[in-house]
Ligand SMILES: C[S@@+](CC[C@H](N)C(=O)[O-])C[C@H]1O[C@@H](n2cnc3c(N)ncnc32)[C@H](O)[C@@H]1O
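Shown below, as C-alpha cells, is a lone chain in the form predicted alone; questions about how it binds or moves come after it.
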Amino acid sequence: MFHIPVLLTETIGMLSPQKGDRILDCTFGGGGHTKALLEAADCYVYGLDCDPDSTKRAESIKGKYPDRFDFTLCKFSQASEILKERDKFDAVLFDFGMSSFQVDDASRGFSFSKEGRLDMRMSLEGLSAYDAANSFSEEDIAAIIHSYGNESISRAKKIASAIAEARKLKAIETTTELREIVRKAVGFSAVHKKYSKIDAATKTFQAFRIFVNDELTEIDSALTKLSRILNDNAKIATISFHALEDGIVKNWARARKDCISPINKSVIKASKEEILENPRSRSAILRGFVYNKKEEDYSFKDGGKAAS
C-alpha cells in the first residue's frame, strides 16, 4: 500500500514551517504531511491519530526524527486535554479524509471496491457499520444515509428499505454485499463528472463511515477547543472532502471572526495533475486561517452544526 498525501505542496506552503516552530498534525494517517513538514524546516511535529495501525508508521518517523517528532494514539477531539501541559503550537493541520492505508486494506471495511467485513471503525472500537446495517431500524438507517450521505430522502428510504429486506434473509456481512444492495435499490447508473465516476453506493458508504466514527462531532469538538493549545498568530490548515466537513469549518471560523482570519480568500483545490495522479484528491478543499488571542476559548454559539 502506498499513501499519497493530498494537497501536500499547498499545505506546506500555507503552514510555512520555520526553524523552532511547534506543529500539530491532528490527523497523522500515513504520515505524509508530517514527513514533509519535518523535511521543510528544523521544526517539531506532534502527531495524533485514533487508528492503531498508524502507530507503526509513527514509530518509523520517530526513529528518523527522535528529537523532533512525537505521537499519541487518540482522537483529535482529545488534543486540548492531552496536550494542555505542553508548550503551545505555532501551526495545526487537519486532514479529515481517510488515509490510503485504511481505504486499501480490505479488512477494514471502508471500501466497496474490495471484499471485506463491513466495519469502517477508524479506532477499531465501538459500533461498526455491520452493527448499524443489521440492527438499526429502517427509519434510522434512512436518516443516516440522508443526513450523512447527502442522499435525497426518497433515495435514502429506498436504500434503507432494501437493506431491511436483505437482512431478513441473512446478515449483511461484507462491503460488497452492501454495495450490491444499494446498487439494486437505486440503479447502477453512475454520476459522470469531469475527473470521476461516482458509484451508486458511494454516499451510503460515506454515511455509515461518518456515523460510525461520529466524525462531524469530532471535527466540531476539536476546532471548538483548539484555541487552548495555540500560540498567538498560529496558522491553521484544514483539508475537507465533502460539504458536511467543510460546513463545520466555515461555521467555526465565522463564529470566531474577531480572532480567526482567513489566509486564503478562496478555497484551494487539487490541480488537474494531482487529480490524475491521485483521484482521491478530487474533492479535497484546503482552507487556511490565522489565530490571534483576542478571545480565548470563544464558545461556538450555534453548537457547531454544519452550514446548510
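The numbering used is simple: start at 1 and walk along the sequence shown. Everything quoted here is computed from the prediction, not taken from an experiment.
Keep in mind that the form predicted together with the ligand is missing from the display, and what follows is about it.
- Although the partner is absent here, Asp49 is a contact residue: one of its heavy atoms lies within 4.5 angstroms of the ligand in the model of the complex.
- Contact between Met98 and the ligand in the model of the complex is found at the 4.5 Å heavy atom cutoff.
- By the criterion of a heavy atom within 4.5 Å, Thr224 is excluded from the residues contacting the ligand in the model of the complex.
- Residue contact check for Met122: one or more of its heavy atoms lie within 4.5 Å of the ligand in the model of the complex.
- Between 62 to 70, 266 to 274, 247 to 255, 28 to 36, the stretch whose residues reach within 4.5 angstroms of the ligand in the model of the complex through a non-hydrogen atom is 28 to 36.
- Between the ligand and the residues Arg117, Lys75, Arg183, His146, the one pair within 4.5 Å by heavy atoms in the model of the complex involves Lys75.
- Of all the residues from 278 to 293, the single one having a non-hydrogen atom no more than 4.5 Å from the ligand in the model of the complex is Arg280.
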